[in-house]
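Considered here are two forms of the same protein chain, supplied as structure tokens in two stand-alone entries, structure 1 and structure 2.
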Structure 1
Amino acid sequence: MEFFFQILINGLSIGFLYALTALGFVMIFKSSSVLNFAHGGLMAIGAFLFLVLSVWARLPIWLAFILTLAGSFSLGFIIERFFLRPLIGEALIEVIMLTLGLFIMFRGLLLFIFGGDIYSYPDFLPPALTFHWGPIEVAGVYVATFIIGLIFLGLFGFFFKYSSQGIYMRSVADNQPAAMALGVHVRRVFALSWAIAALVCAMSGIVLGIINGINVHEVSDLGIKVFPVVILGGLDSIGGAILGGIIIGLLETFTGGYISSGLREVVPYIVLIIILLIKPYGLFGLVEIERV
């Protein structure tokens, strides 16, 4: 029973990491209907930027964290302004292929600079984060992942529900022409969506680095694992992204704990295939009906 609860808590922590990662993906899709294949590359950039600032530049952890998020936020604006905006009005496949090209470019640059080695962040988590409940012990890194995931998901939930910019983003996602008719600056919403998505990617990359250390391939591949999460929850559903992340995290940890550690990496894609066959729009995705 202790083993079950240990896996359960670890799975919830990993699930919140997946949910946080999927949140940025869903935001871009909701606002612009673009499948962002550069997601993993943005995660890797954020993770390695934090490494450079905290380890190589030896800045205080809190300052390195703030600068990493600020830098990633700015990078999102730059990507939208100089790469995505010129393609407004072009075929959607061209925009998707551009994001794939950005992913390959980002990963190639990071491999050129850092190689394929595994790097570790300084041990800055307080020992008090380690959780003890009878014979069950949860490492501080998983507790930190759980707490960070809850905080950021709560912040973004508040942002989308109550802030003016969040409401604008929701209106653009629901109906772009109607939002423009009401005076919403759609291009500004697109830029903000990419900026926030890049910030979320950096946060996810840092959390992953705290858990496993950072490696260019491993961090960028997590961006691919986002697809089963968002397909399960629904490409246009923020709540679905959270639930999908938790489900995938639990399936992975329970599969690794009770069946096979090698099979756990396959489980998300098995879920992806099943969902696409049974419910292509995901658990909470909106079904589009066209009348002719």
Structure 2
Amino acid sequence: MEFFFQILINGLSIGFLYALTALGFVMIFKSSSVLNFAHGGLMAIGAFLFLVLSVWARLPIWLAFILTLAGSFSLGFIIERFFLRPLIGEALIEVIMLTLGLFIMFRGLLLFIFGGDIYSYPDFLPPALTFHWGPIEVAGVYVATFIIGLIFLGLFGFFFKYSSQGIYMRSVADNQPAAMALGVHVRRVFALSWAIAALVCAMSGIVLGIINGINVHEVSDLGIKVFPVVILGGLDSIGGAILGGIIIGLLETFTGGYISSGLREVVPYIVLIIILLIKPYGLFGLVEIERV
């Protein structure tokens, strides 16, 4: 029974990490309908930026954190401005390939600088975060992940649902010409969504780094793992991303714990295919409203 609970807790925390990763992904998709393959690359950049600032430059953690977020935010702007803007209106596959190309570039760059080694952050989380429940212990990082995830979920939900800028962003994704005619600054919306997404990516990269230590391969692979998560939840649903992340996390750890550790890596994709066949828009995705 203890084993079961430990796996459950592990699954939940990994799931939350996935959910956090998926958030940034959904963010870009929701506002600009771009499927971002460079996601893992952005996460890795955020994680390594934090590493450089906190460990190598010895800045205080909070400052390093803020600088990392600011840096990623600007990086998002730059990517949008120089790589995606020329492609507005181009075929989908070209945009996909572009993000793939960016992903490969980022990864190559990071590998070149940092190599394939595992780095770790200094231990800065207060020990009080560790949570005990009978024989089960939940490590502080997981609790922190959970809290950060909840905060972000709340913030983004609120942002998209109630803030004007959030509504403009959704309107652009929905019907770009109509939004343009109403004076929505479409290019600004795209830039902003990439910037915010890069920021969220950096967040999840850092969290991943705290949990597992950072390694270029591992972080960027998570960018691929995000696909089953977002498909399960629905590409454009923030709540779905969270739930999808948790479900995939649980599935992985339970398969790993009870069936075989080799299968663990593939289960999400098998689920993905099944989901796509049964419910192509995911659990919470918007069904395309087609009026003729």
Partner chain sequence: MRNLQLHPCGNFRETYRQELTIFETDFGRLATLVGLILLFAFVPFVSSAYILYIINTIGIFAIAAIGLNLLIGYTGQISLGHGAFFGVGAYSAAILATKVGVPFVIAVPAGGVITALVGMVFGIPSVRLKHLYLCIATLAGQIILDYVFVQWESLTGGAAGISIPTASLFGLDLGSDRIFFFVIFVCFAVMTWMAVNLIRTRYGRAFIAIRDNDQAAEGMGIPIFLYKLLSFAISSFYAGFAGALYAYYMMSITPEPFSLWLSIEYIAMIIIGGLGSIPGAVFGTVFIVVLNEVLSIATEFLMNVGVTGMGITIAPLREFTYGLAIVLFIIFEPKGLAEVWRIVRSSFRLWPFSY
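Each residue is numbered by where it sits in the sequence of structure 1, with counting from 1. Small disclaimer: the values here were computed from a predicted structure and weren't measured. Between two forms, the rigid core is defined as the largest C-alpha subset superposing within 1.5 Å.
Here the chain taken from the form predicted in complex with its partner chain appears as structure 2, while structure 1 comes from elsewhere.
Relative to the superposed core, W56 undergoes a Cα shift smaller than 2 Å between structures 1 and 2.
Positional change of L272 between structures 1 and 2 stays under 2 Å at the C-alpha, relative to the superposed core.
Relative to the superposed rigid core, the position of the CA of I259 differs between structures 1 and 2 by 2 Å or more. We note a C-alpha movement of 3.2 Å at I9 between structures 1 and 2, with the rigid core held in register.
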